[in-house]
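Only one chain is given next, in structure tokens, and it is the form predicted on its own.
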């Protein structure tokens, strides 16, 4: 496992130990870093290469992937810029580490930037598991996601993500052609063992 600053994001890279497994792009939530989701990656995709960048935006000293104006209200101009920046990093990492297009696995803020990358630079990702995601862009551009696999896992009692918002994200991605599975769990914003099991089963069938 290496930590490097050579590309445009500080990140961790763990090489694959099983050929043919899809690489996983791990995207942390607010206050996380490049180490946060490595154990999750090992549980949901054993043998896969793991690529885990640190968000560049600081909010009260806590790393994030884009700015927000307040809880649930995003700086959409920054979302667009940061999604392009992350997609460029993915391209750099693919070349540097000889990776196929990765499956993004994002939690909270990381899930939101992954959804934005799908809507703005769909070629960057082979699919995405969006854990506790919200709609990142209120007026996203038209995009062709035909056949792109997406998993959305929401919490029924999540105080941050309204149920209607998660449903709208599902509708937007489905309308663009993505093959979306949306699960609502009897939990809040934090991840549970059911999230792990669902995400592993979804990755296994890709």
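Keep in mind that this is a model prediction, so the values were computed, not measured. Residue numbers count along the first chain shown, from 1.
Not on display, but discussed next: the form predicted together with D-malate.
Remark: open binding site. Placing D-malate in the model of the complex onto this structure by local C-alpha superposition gives no atom within 2.4 Å of a backbone or C-beta atom. Remark: residue 54 does not count among the residues lining D-malate in the model of the complex, judged by a heavy atom distance of 4.5 Å or less. Using a 4.5 angstroms limit between non-hydrogen atoms, residue 108 touches D-malate in the model of the complex.
Proximity of residue 87 to D-malate in the model of the complex: non-hydrogen atoms within 4.5 Å are absent; the residue sits far from the partner.
Taking non-hydrogen atoms only, residue 95 never approaches D-malate to within 4.5 angstroms in the model of the complex. The three marked residues, 126, 181 and 202, fail to reach D-malate in the model of the complex, with no heavy atom of any inside 4.5 Å. You can rule out all but one of 37 to 45, 146 to 154, 65 to 73, 173 to 181: in the model of the complex, only 65 to 73 has residues with a heavy atom within 4.5 Å of D-malate. The partner is not shown here, but in the model of the complex the stretch 148 to 173 reaches within 4.5 angstroms of D-malate through a heavy atom at 160 alone.
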